[in-house]
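What follows is one chain in structure tokens, specifically the form predicted on its own.
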Amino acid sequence: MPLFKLENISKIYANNTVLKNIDLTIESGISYAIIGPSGAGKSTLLRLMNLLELPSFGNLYYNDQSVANANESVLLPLRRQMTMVIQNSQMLAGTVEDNMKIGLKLRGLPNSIIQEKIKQALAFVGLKNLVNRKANTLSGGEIQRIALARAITLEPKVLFLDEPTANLDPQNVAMVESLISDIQKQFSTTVIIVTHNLFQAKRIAEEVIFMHQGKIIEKASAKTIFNDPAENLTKQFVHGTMIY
């Protein structure tokens, strides 16, 4: 049973069709990268799977449960099985610990468990010494690593990432990528990353989804996509010859 199944999904904003007749399955515990030109619909597809938006047409299933027309009482507990790290992760006023407590408190966990989860997650990302640091003093790389630590505390089945290293220097990019791979392997988390960095997709993903003009053109192993794609559009994109 796939973790996500999308059948003939379309998403329309006003008169603009952003996603067109999407058919897609996502398996549990696999790392996926979604690539394609700007405006291809990558982030919109991510938001649909994250249940932050619902499709205009088509069927969307999560763990074999139809959610395309579900209400908030159904969606909220499903969203709590997922988390997202975005390009510019936000930290609220207060310390790193204060920021990491928020989601755990909303889940009603006792303080002793919250403290232990924070301790373990910060150790995992190599930043346990920053627990009492004011969040507004963190560097960009530290913020993204703390965002991943915050995600770990929630024990998500699915980790969504939308350009999580776009503004980082090469050293921090390497650190964040390594952490993403470690999370997927150690916790059997399904990882779905949107990235413009084709080298990043090659390094992180087992499966790659190539999108163009609101459609999925090709979905295959990373090796196939980058070495021997079936579709000419995919070949043009990964070889840098696509004009758009």
Partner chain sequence: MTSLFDKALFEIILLSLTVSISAILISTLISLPIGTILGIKEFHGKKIIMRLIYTLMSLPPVLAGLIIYLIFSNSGPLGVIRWLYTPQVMVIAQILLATPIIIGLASAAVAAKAKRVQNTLTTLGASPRQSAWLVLREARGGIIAAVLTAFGRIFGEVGAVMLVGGNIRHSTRVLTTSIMLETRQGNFDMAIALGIVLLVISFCISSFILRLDKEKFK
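Positions refer to the first chain, counted from 1. From a predicted model like this one, the values you see are computed outputs, not experimental measurements.
The following text describes the form predicted together with the partner chain, which does not appear among the structures shown.
Residue-level contacts in the predicted complex: of Leu76, Ile113, Ala174, Ala123, one residue has a heavy atom within 4.5 Å of the partner chain, and it is Leu76. Note on the partner interface in the predicted complex: the residue among Ser43, Asn50, Gln184, Gln200 having a heavy atom within 4.5 angstroms of the partner chain is Asn50. Stretch-level contact check against the partner chain in the predicted complex with heavy atoms at 4.5 Å: of 174-182, 31-39, 50-58, 213-221, the positive one is 50-58. In the predicted complex, none of the heavy atoms of Thr165 sits within 4.5 Å of a heavy atom of the partner chain. In the predicted complex, the partner chain sits within 4.5 Å of a heavy atom belonging to Met91.
Shown alone here, Lys128 lies farther than 4.5 Å from the partner chain in the predicted complex, counting heavy atoms only. Proximity of Gly141 to the partner chain in the predicted complex falls outside the 4.5 Å heavy atom cutoff.
Shown here without the partner chain, the chain has Glu72, Leu76, Arg79, Arg80, Met82, Thr83, Met84, Ile86 in 65-87 lying with a heavy atom within 4.5 Å of that partner in the predicted complex.
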